[in-house]
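Just the one chain here, the form predicted on its own, laid out as structure tokens.
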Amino acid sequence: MTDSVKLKIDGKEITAKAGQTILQAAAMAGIYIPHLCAHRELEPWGSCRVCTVKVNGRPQAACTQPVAEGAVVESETPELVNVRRALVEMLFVEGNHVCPSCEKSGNCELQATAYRLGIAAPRFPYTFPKREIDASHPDIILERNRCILCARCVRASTEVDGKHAFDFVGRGVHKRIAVNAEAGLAGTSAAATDKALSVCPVGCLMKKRVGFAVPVGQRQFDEKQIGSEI
């Protein structure tokens, strides 16, 4: 049995390792597929669907779909780019994202992905949900208005930190990130050094007292477009 697999992504033949996902194989080959819930240090999740591609003509999440010999993958088609734009736009209108006043601006993967997809303004109406902010912890703030329900903090807290400090409660439009203590963040074992904080792609989980340590204009995605590091 061979440990390598050959497939095509947008007409380019690449060689991947057996067992890799399409997203992992694409990254190794220098091909960027937009994604938000996926993170290289966490197990695949497949919730945001921003990485949707077509594999042999069928839609699949690139972050969970394993590579297969001879697979033909489409990623940068007008149809798929439009799907990604719609998904990202919905994430903006379903939350309360005010980028100019957000400490994460310039380091935010949602914002950077929107720029990469050419989104100037969402086409959908804003819902302006009422969401609670938890600032009870001495070192951490939980800004639910910016949460995109990617589950990165949930997975990191369990898989890496070994704490399970975060999880989801509710369903549908009422789904939200919660902590494992009735007293809120202050009652959890979460710490500012936890991996759960560093993997948050937006300004939902933030450290206190470090605001604007890096000036706007000198931040990660101010310097280079998301995906350019691949």
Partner chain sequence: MSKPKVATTSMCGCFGCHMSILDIDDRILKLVELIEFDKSPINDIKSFTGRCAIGLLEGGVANDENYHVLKAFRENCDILISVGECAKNGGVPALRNPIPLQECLEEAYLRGPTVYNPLQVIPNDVEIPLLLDKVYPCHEVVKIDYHLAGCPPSADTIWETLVALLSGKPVALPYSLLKYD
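Keep in mind that this is a model prediction, so the values were computed, not measured. Residue numbers count along the first chain shown, from 1.
Only in words, not in the display: the form predicted together with its partner chain, which the text now covers.
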{"property": "One stretch from 152-160, 71-79, 105-113, 133-141 that, in the model of the complex, holds residues within 4.5 Å of its partner chain by heavy atom", "result": "105-113"}
{"property": "V216, heavy atom within 4.5 angstroms of its partner chain in the model of the complex", "result": "yes"}
{"property": "Contact flag, D10 vs its partner chain in the model of the complex, heavy atom cut 4.5 Å", "result": "no"}
{"property": "In the model of the complex, E229 touching its partner chain (heavy atom, 4.5 Å)", "result": "no"}
{"property": "D3 within 4.5 Å of its partner chain in the model of the complex, heavy atoms", "result": "no"}
